[in-house]
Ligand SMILES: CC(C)(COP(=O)(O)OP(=O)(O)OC[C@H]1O[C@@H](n2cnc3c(N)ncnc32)[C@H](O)[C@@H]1OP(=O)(O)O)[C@@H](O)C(=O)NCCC(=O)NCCS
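Given next, in structure tokens, is a single chain: the form predicted on its own.
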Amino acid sequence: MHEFVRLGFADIDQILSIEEAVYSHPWTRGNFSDSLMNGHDAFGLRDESSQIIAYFLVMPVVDELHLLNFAVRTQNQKQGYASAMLKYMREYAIEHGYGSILLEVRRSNYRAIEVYLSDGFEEIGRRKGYYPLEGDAREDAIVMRRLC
């Protein structure tokens, strides 16, 4: 049985393990700590052995929820967990009175874009040079929003 749970500082090691495995430019321990210290909400999906399968961090901005970070453990990808997490995030947003969810995603992250589009997100803009690549190179972000 899988369980949605609020995550905190004690979960950072597990989160970092997933983060470093799935992202070319992962958040650091400091990024996660700062986010939690600033009151951003973190949620995860745990398996039967209490291991984190997926997680997300969100930041409220007026009447909108901004998705800061989202990942599914490599061995659990393509099993519907991303969709389950997005549904949980949407329910959280509705419960707390947020009218929409906003996110940025690398232009080259086709799998994530496909998941977001299938969940009802729409592209609303681009941020030029938002994400780092190798050296001084930068990659655009696609800005997406979903109404709740």
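Residue indices: 1-based, along the sequence shown. The shown structure was predicted, so the numbers you read here are calculated from the model rather than taken from an experiment.
From this point on, the text means the form predicted in complex with the ligand, which you will not see here.
Colleague: Want to guess which of 57-65, 43-51, 25-33, 98-106 is within 4.5 Å of the ligand in the model of the complex, heavy atoms only?
Modeller: This holds for exactly one stretch, 98-106.
Colleague: Any chance G120 has a heavy atom within 4.5 Å of the ligand in the model of the complex?
Modeller: It does not: once the ligand is placed as it appears in the model of the complex, G120 has no heavy atom within 4.5 Å of it.
Colleague: Could you confirm whether R111 comes within 4.5 Å of the ligand in the model of the complex, counting heavy atoms only?
Modeller: R111 belongs to the contact set for the ligand.
Colleague: Are any of the heavy atoms in A82 no more than 4.5 Å from a heavy atom of the ligand in the model of the complex?
Modeller: Taking the distances in the model of the complex, the answer for A82 is yes, it comes within 4.5 Å of the ligand.
Colleague: At the 4.5 Å heavy atom threshold, is Y92 in contact with the ligand in the model of the complex?
Modeller: Because no heavy atom of Y92 falls inside 4.5 Å of the ligand in the model of the complex, the answer is no.
Colleague: For the stretch 61-89, which residues lie within 4.5 Å of the ligand in the model of the complex by non-hydrogen atom distance?
Modeller: If the 4.5 Å heavy-atom criterion is applied to the ligand in the model of the complex, 61-89 yields F70, A71, V72, N76, Q77, K78, Q79, G80, Y81, A82, S83.
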